[in-house]
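Taking the form predicted on its own, here's one chain by itself in structure tokens.
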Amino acid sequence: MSSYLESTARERLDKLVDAGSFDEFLGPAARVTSPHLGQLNAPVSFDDGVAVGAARLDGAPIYVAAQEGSFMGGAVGEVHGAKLVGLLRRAVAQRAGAVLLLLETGGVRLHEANAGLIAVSEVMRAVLDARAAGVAVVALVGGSNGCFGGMGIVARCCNAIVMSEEGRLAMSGPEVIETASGVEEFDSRDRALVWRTTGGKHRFLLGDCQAVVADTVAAFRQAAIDAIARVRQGEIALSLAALEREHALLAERLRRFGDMRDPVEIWGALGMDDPAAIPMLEAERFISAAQTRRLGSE
């Protein structure tokens, strides 16, 4: 079984979609690179850190993007963001059934400042436009860099998020929180705390992601197929009612857990048996135990 965590962006794509079906747009041979990095004498990547294109998943045509975490932590700059936006717009124009976003990123590329921020905001709009047009947009999060910053918001704009325990999802990264508010607020060196707070299991229990899977590309593939099917069946829709339910869940989270300092306390409050042992559970055992305990399922 191939580890999703240890694979590169293209290795993930190669095993996630149907064999030989990925047709890349603006690949490395096109050499479309950031106009900003060269001016700063910073290294560039010929695909600007993201692979985008068309493919098939379980026989169905889809569009797909995969961020390369080894290039600037998967951070988004002007070209990187434009490729994501273009892919999502093409999906709408071609009336595609789905778009998969394999996200691994620390957020905006600081080298490109405002250009990166604008790019991320345009990606958010493109995701919501795609959903409004009936295109299922599913985010997969399982890379070593996690999914943070503006791209964490992009992930939450999608119809569904699939995570592994190793994946992490949040707005601000641990180091950013510690820098802004001090180590007393969040100790970024406490890796167990970081994963308890931002990892897939906690995000699933809080209702932030729809599935937690084992760290294999095959598990992500099947979960992506299942998530797309749920969207097409109308289980995960973009509607006022869905937005109101989300706001109600957020209010409930604040009311019930706002004074708690550690996710283990939250897991206990949700009724999980032996919450301190949750980090050691395999994905299947965790899902079995958590399915009826996660926020919104009680």
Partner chain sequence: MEWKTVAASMFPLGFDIAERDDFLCGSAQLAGGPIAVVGTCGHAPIGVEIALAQAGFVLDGIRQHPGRPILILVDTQGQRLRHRDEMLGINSYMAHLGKCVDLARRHGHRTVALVYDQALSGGFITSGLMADACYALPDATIRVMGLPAMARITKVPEERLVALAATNPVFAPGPENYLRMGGIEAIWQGDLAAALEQALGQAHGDDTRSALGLARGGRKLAQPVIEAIVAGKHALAS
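Residue numbers count along the first chain shown, from 1. These numbers come from a predicted model, not from an experiment.
A second form of this protein, the form predicted in complex with the partner chain, is not displayed here; the remarks below concern that form.
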Item to complete: Considering the partner chain in the predicted bound form, find the one stretch among 199-207, 215-223, 135-143, 95-103 with heavy atoms no farther than 4.5 Å from it.
Response: 199-207
Practice prompt. Would you please decide whether G150 lies within 4.5 angstroms of the partner chain in the predicted bound form, comparing each non-hydrogen atom pair?
Written response: yes
Worksheet item: Heavy atom to heavy atom, is F186 within 4.5 Å of the partner chain in the predicted bound form?
Response: yes
Worksheet item: So in the predicted bound form, does any heavy atom of P35 sit within 4.5 Å of the partner chain?
Response: yes
Worksheet item: Is D23 a contact residue for the partner chain in the predicted bound form, using a 4.5 Å heavy atom cut-off?
Response: yes
Practice prompt. Name the residue from A229, L250, A60, A269 that puts a heavy atom within 4.5 Å of the partner chain in the predicted bound form.
Written response: L250
Practice prompt. May I ask whether H111, N114 and S239 each come within 4.5 Å of the partner chain in the predicted bound form, counting any non-hydrogen atom?
Written response: yes
Worksheet item: Within 55-87, which residues have a heavy atom closer than or equal to 4.5 Å from the partner chain in the predicted bound form?
Response: E78, V79, A82, K83, V85, G86, L87
Practice prompt. Pin down for me whether the A237-A223 Cα distance shrinks or grows in the predicted bound form relative to this form (closer or farther, change of 3 Å or more).
Written response: farther
Response to the item:
Under comparison with the form shown, the C-alpha atoms of A237 and A130 in the predicted bound form shift by 3 angstroms or more, placing them closer
